[in-house]
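Single chain ahead, by itself, as structure tokens, in the form predicted alone.
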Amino acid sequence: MASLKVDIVTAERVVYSEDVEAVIAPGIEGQLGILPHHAPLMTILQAGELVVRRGGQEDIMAITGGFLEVRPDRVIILADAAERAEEIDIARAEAAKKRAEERICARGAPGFDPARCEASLRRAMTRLTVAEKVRRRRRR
């Protein structure tokens, strides 16, 4: 079966580097499915769930945005932040969600930045959604 090389990189580390069968990424206009021999493409990613299919298995990650480049034999994802589902600290993500919700409720307070608060909430929700999805799969 045909494959393509996927590299997922953040400023801190290489999160993932494998030959895979498919990538499903959260583009700014919806989910993108990338298979081997996909046409070249470059796009912006939003916060969301990134799925990599390899050997009949799915590796799921939470990303908080970035860029995706598709080349004939390779996909490069430069992510603002990326975490494999098993690396997500659920208690920390829940605390971040609670803080973001409290900030949103405090609209009008000095230094309130609605875009920053909403982005924080979106990141926390993405992390929790990805972690919960993997936890449910393991229970089956």
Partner chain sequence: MPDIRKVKRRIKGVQNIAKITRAMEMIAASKMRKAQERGLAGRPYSEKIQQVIADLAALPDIGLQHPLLQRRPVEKVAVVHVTPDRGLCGGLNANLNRRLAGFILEKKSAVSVVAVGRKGRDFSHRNGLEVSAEFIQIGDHPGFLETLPISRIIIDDYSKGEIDMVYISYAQFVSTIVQRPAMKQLLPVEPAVIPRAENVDYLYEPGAITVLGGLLPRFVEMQIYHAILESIASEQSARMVAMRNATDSANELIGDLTLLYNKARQEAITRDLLDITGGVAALE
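Residue numbers count along the first chain shown, from 1. It should be emphasised that the depicted structure is a prediction, and the values quoted were computed from it without experimental measurement.
Absent from the display: the form predicted together with its partner chain. The rest refers to it.
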item: Close approach of residue 10 to its partner chain in the model of the complex, 4.5 Å, heavy atom; value: yes
item: Distance check, residue 41 to its partner chain in the model of the complex, heavy atom within 4.5 Å; value: yes
item: Its partner chain contact in the model of the complex: residue 35, any heavy atom under 4.5 Å; value: no
item: Residue 76 within 4.5 Å of its partner chain in the model of the complex, heavy atoms; value: yes
item: Single option in 70, 51, 96, 88 placed near its partner chain in the model of the complex, where near means a heavy atom within 4.5 Å; value: 70
